[in-house]
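Have a look below at one chain only, the form predicted alone, in C-alpha cells format.
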C-alpha cells in the first residue's frame, strides 16, 4: 500500500510538470511571467537550501554568483556575440570558478564567520564591477541576445533549471555525497571521524550551488535585458532566498517549492506598494516563524509525517 502511494506521487509530479510545460500554449502572458519567475526563484532557493539546509554552509553571498552569471551573459552577448544559451552555461562555469577561488579563503572559516566571508566577497565584487571600465562602471550593460529569443524560449529555459534543480538536489541527497553533507551538518567532527571527507564535500556542494545559481541568473537577466552592479551584487538576493527557504521549510526538498510560490505571489501582489513591500515580507516571515518554526513543509513533516520527496533511501 505504501509503495503504491509512493509511486503515485511520481505520476502526480510528472503530470504537474507536463501541465506547466504547456503554459505557453494557453496564451496567458501573466501566467507565463508568473511561472517563469517561480521556476527561477525555485532554482536559486534550492541551491541556498542545499548549502544551508543540508550542508550547514550558511551563505550571505549568493549574490556573487547572481552578478557573475548575469555579467558573463551580458559581456558575451555585447562584446563577442556569443550564442545566448552558451553564454548562460559560461555564466555558470565562471560562477563555479569564482566559487573555487572563494573556497580558498572562506573554507578556513566556520559558522557566522563563513557567512560574513561570503558577504564580503560579494561587496568586493560590487565595488570592482562598479569601477571597471570594461563593464561600463556603475551604468550597467544591456544584454543583446544572439539570436533574438522569445518569451516562450526563456520560459522553457526557466522550467528546465527549476525542475532540474529539484531533481539535482534530490539525486545528491540520495547519494553518498548527500549522506556525508547531512552528517557534516549535524556534527562535522563526528562525521569526519566516520570517514566523511569534509572539505571535499563542502567544495562539491559549494561549486554545484555556484554553477546553478550563475546559470539561473543568466536566464533571469536575459529576461530583464539590463544588468547593473548595484542590483546584481546586492544582498537583496540572499534576503529573498532566505525568506523563501525559511517560509517553505529549511532542510526540506519541498520547502523551496512552496516558499518560491508564496514569495512570487506576495511580491506580485505587493508590487504597487514597493516602498513597504520588504517590511511586509519581513513581518510575514516573522509570523510564520512564530507559528511554524520549521517552515510550512517542515512543520507538516514534523506534525503529520507528510513528505512528497524524501531524501531517505529505502
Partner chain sequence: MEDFAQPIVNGILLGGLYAIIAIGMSTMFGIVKLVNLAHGDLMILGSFLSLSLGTWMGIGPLWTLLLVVPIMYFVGFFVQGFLLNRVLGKEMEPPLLVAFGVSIILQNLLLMIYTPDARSLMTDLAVKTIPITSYLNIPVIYLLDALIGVAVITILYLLFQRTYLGRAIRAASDDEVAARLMGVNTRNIYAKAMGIAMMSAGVAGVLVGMTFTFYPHTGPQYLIIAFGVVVIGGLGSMKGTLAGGLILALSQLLGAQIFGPGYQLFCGYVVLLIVLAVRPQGIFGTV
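Just so it is clear, the model here is predicted, and its values are computed rather than measured. Residue numbers count along the first chain shown, from 1.
One more form of this protein should be noted, the form predicted together with the partner chain, which is absent from this view; the next part is about it.
Here the chain stands alone, but in the model of the complex its contact with the partner chain, taken as any heavy atom within 4.5 Å, falls in 279-287 among 252-260, 279-287, 35-43, 66-74.
Contact check for residue 246: a non-hydrogen atom falls within 4.5 Å of the partner chain in the model of the complex. Using a 4.5 angstroms limit between non-hydrogen atoms, residue 112 touches the partner chain in the model of the complex.
In the model of the complex, the partner chain sits within 4.5 Å of a heavy atom belonging to residue 58. The partner chain is not drawn, but in the model of the complex it has a heavy atom within 4.5 Å of residue 131. Across the proposed site, 105, 127 and 242 without exception bring a heavy atom within 4.5 Å of the partner chain in the model of the complex. Proximity to the partner chain in the model of the complex, taken as a non-hydrogen atom within 4.5 angstroms, holds for one residue of 92, 117, 140, 178, which is 117. A heavy atom within 4.5 Å of the partner chain in the model of the complex is found for one listed residue only; from 198, 160, 235, 149, this is 235.
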